[in-house]
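Starting off, we have a lone chain in the form predicted on its own, written out as structure tokens.
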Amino acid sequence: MGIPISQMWTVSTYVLKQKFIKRNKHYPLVLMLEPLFRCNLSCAGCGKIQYPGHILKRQLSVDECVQAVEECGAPIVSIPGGEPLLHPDMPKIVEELVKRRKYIYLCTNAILLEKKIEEYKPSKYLTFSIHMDGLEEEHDEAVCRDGIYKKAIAGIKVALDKGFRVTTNTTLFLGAKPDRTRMFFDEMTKLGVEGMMLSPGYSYSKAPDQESFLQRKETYKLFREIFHSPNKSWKFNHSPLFLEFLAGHRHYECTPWGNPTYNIFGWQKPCYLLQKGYTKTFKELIDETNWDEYGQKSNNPECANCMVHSGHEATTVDHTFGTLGGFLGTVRATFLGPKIPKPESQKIPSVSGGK
């Protein structure tokens, strides 16, 4: 598992405090902080860059970002976009969050990374999370521009050479080839990235390409084929229980409050992927959102096929540190590998089967 012990310790003690001392069910684990929506790419599966020009020009200030982080209190802050490196104050935002000992995943397509990297300092609290949707052919097709894979590889090498933590984040869509994905994992492992993040794509209503999103059964089939007889050197920036969830060995319900989103409009209801309005404060988000309306068990059609990490990773972490069975399952999977059904298996985990 590609997560440093210091970060795992911070997360585990935080979860235990929330669950057993504060008795808090709806606690955040990762704040999705979106300082801007504009980007230097126009990916077909993205739902952010479709906003009108006057919205794409807006951005959060340093103070607004810091206030949101302190208001939320999550130990991890993921900074997606848009392209965060386009924000002129991003180095200052990162500096302020490092002072507060937040573990930051600065998500970037790496086009500007070589140019901007001198503005940042290596820290155990800062990770460059590089958008990589596969090998060169697959990645350049996903981002709708040739040559971006090579730029990203160059950015990864520079960041690693300068001592930064580097992970990759990969979204897989309908038509992804398991063998090519496994080759991609091998290439990222050879580069020396700390870990790889994975997620099946979610069908953003604003995304231009609505034909390439995976249904739930297709997700199970894809990840069973990808993880069958895995290379033991692969490292993923996930709970191993989340990998079992992707492959359909176990079922987890979504905990959308685990990854709340703050952007130029405020606190997004109910999650990073759905837009059901905004609140002014984090407390309002938690208290006023009817969480029973979301997740597969709710029969909400918008949630039926969603298996993305932003909604389900928090559930696996809660299960790991909140139950004996989850903890033992994580220990087993860490040392022996996740339990992955055979590619030909027709097993579908029960929604009511819980964890």
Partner chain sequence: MEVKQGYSVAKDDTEFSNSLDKIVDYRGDSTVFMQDGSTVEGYIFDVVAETLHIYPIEGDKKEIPLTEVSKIEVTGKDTAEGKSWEAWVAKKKKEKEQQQNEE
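Positions refer to the first chain, counted from 1. Fair warning: this is a prediction, and the values are worked out from it, not measured in the lab.
The same protein also has a form predicted in complex with its partner chain, omitted here; what follows describes it.
- Go through 152-160, 274-282, 218-226, 180-188 and give me the stretch that gets within 4.5 Å of its partner chain in the predicted complex, heavy atoms only. Stretch with heavy atoms near the partner: 274-282.
- The unique member of V98, C144, I117, L135 whose heavy atoms fall within 4.5 Å of its partner chain in the predicted complex: Checked against the cut-off, the match is C144.
- Query: Is P52 close enough to touch its partner chain in the predicted complex, meaning at least one heavy atom pair within 4.5 Å?
  - Reply: Judged by the heavy-atom cut-off of 4.5 Å, P52 is in contact with its partner chain in the predicted complex.
- Query: For Y125, is any heavy atom within 4.5 Å of its partner chain in the predicted complex, or not?
  - Reply: Although its partner chain is absent here, Y125 would stay clear of it in the predicted complex, with no heavy atoms inside 4.5 Å.
- Mark R58 yes when one of its heavy atoms lies within 4.5 Å of a heavy atom of its partner chain in the predicted complex, and no otherwise. Result yes; R58 sits at the interface with its partner chain in the predicted complex.
- Query: Do W234 and its partner chain share at least one heavy atom pair within 4.5 Å in the predicted complex?
  - Reply: It does not: once its partner chain is placed as it appears in the predicted complex, W234 has no heavy atom within 4.5 Å of it.
- Item | Members of 171-199 lying within 4.5 angstroms of its partner chain, judged by heavy atom, in the predicted complex | Contacts from 171-199: just F173.
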